[in-house]
Every structure is written in C-alpha cells, then in structure tokens.
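Here you get one chain, nothing else, as structure tokens; it is the form predicted alone.
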Amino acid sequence: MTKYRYVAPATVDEGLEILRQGGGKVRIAAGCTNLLPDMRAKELADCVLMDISGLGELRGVDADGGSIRIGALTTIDEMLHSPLLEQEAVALWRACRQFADPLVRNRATVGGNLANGSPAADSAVPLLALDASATVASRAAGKREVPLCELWRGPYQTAIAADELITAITFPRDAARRSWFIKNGLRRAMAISLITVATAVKQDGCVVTGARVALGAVGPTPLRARRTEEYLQGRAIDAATLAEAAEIVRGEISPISDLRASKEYRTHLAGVLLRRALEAVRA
C-alpha cells in the first residue's frame, strides 16, 4: 500500500523548513489538480504531502507601485474575477476564462500551474507575454526572482530546487501595452491546448514600439518568439506584416505530432493564431 505523511504548515517559514528537512521527498499540495492524478496512478510513494492551501499570505491580486503581484495560491477563478487583471492584463484574464471548467478553476492555483512545468500550461503563455517573474523562496537562500523565460528547463522540469517554493508572480504594469490570448483545443471544456498564443504590444500611432509574443504546446516548454518580436519592432500591423510575422513564428517553433494533432497542423495554426492575436491588439 502506498503511504504518505501529511503535513500542513501554519506559515510560509514553517513550510520552507519542512522543504529543507525533506531531502527532496516533499510534494507540495495546494489545489491538487495535478497531484491527484499522480496519486491515483500510484506515481507517488514514500513522500511527504505538504498542504499549503491554508497559507492565506500567498493569496490575492494587488498592484504594488509599478507592478502587479499575484500570490502563488491565488486560484484561476479568483484571477478571473479580478477587475485589475481584466483591465490591465487582458491576455491573462482571457486565459483564465478558457482554463478547464469551473470546478478546476476553483481549485487550480497559478503557482501550481507554473510549477507543474507543462508545455501547455494555460497561465504560462500570457504571463510570458506580460514579462512576468516568479518569486521563489527557500530557507537556505532566501528569496530570488526567476524570469518566467528561465523557469522551465524541459517538459515538466523547472529551475525550482527541491527546497524552494513559489510565493508570488509579478509583472510590470504597462497601461499602454495591449495584450491578447488565444487558445485552440479540440473542445472547449477540459481540453489540453493544441496550441496557445499570447501577444503584448505597445504602439505609437500604428507603429509597433514594443512587442512580446509567447506560445505554448509548440515545444518542450512555453516559449517567447524572439525573432518574431524583433521583426514586429517599428512596423505597422498591416496585411504584409501579419503575413511575414506568421511565417517567422512558424520557423521558431518545434511542435510534436501526437494523437491530438500533427506537427504540420500545429505549425500552420501558430501562424493563424498569431495573426488573430495581433489583429486583436492593433491600434
């Protein structure tokens, strides 16, 4: 029989101490939307389940000076009902609208969604486009900021050490930058994304003065399309620009073929969704 030891720290410091003593055998439990399938599949054994769902200090969305901070335990539903995100982080808010079903949105946390390391994590792509960073804490090293573009090392692999905990996600407030998110899946409810695209664009008149493009489920990790971003700089978002940007982004990704879609279909779709996302933010 598989056995687990259950602990529920009362504070973040207590949780960090449990992680320090755990020697890599502590699994963090919050919304458990990723953990429960692993438990049912008996892929967890001889570990400590650390339930951090009671750590209220890790919840909430607020503006702190020039940044927006989201506590790692904030659920997708709480983010969906945040007026601040709806007004200033449209790409992230739209991703929350399309995230699984209401039951999962009520349980899943943004920290857990990022820490799971899925290439198709729906919150990862808009947060990449918003230039977000994760605040990571440990007993040994204190706090450090990890840009999301450096967080993932491969499928379900992250730069988070075994004794570290994501405590918050932050990104700069930038009212002049318009963002958008598009998800394509086989069906709306509970579908794992075939591909996701997010854009965050700043324009002077009709000319792009800053662009970020992020994609999910088209490589080993969520990624930024740097060559596409460079191409967009200084150009108007017109028909010619959209067509060329679509071709460039198709050359920047390396999707796989699986039961849900072929590599060729995902590559074609990346260009189509990028065009739609850029059209949505065009001045």
Ligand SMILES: Cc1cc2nc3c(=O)[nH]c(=O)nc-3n(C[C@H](O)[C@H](O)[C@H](O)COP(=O)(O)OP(=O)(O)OC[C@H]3O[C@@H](n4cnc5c(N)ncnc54)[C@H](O)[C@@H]3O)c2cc1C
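Not measured: the values here are computed from a predicted model. Sequential numbering from 1, following the sequence displayed.
Below: the form predicted in complex with this ligand, not depicted.
Every member of the trio 52, 100 and 109 reaches this ligand in the predicted bound form with some non-hydrogen atom inside 4.5 Å. For the candidate set 242, 223, 248, 35, a heavy atom within 4.5 Å of this ligand in the predicted bound form is found for exactly one residue, namely 35.
For the options 213, 132, 195, 166, the one in contact with this ligand in the predicted bound form, meaning a heavy atom within 4.5 Å, is 166.
Considering this ligand in the predicted bound form, the lone stretch of 100-108, 80-88, 203-211, 145-153 in range is 100-108 [heavy atom distance within 4.5 Å].
By the criterion of a heavy atom within 4.5 Å, residue 31 is counted among the residues contacting this ligand in the predicted bound form.
Using a 4.5 Å cutoff between non-hydrogen atoms, residue 113 counts as a contact of this ligand in the predicted bound form. Although the partner is absent here, residue 235 sits far enough away that none of its heavy atoms falls within 4.5 Å of this ligand in the predicted bound form. When this ligand is considered in the predicted bound form, residue 72 lines it closely, a heavy atom lying within 4.5 Å.
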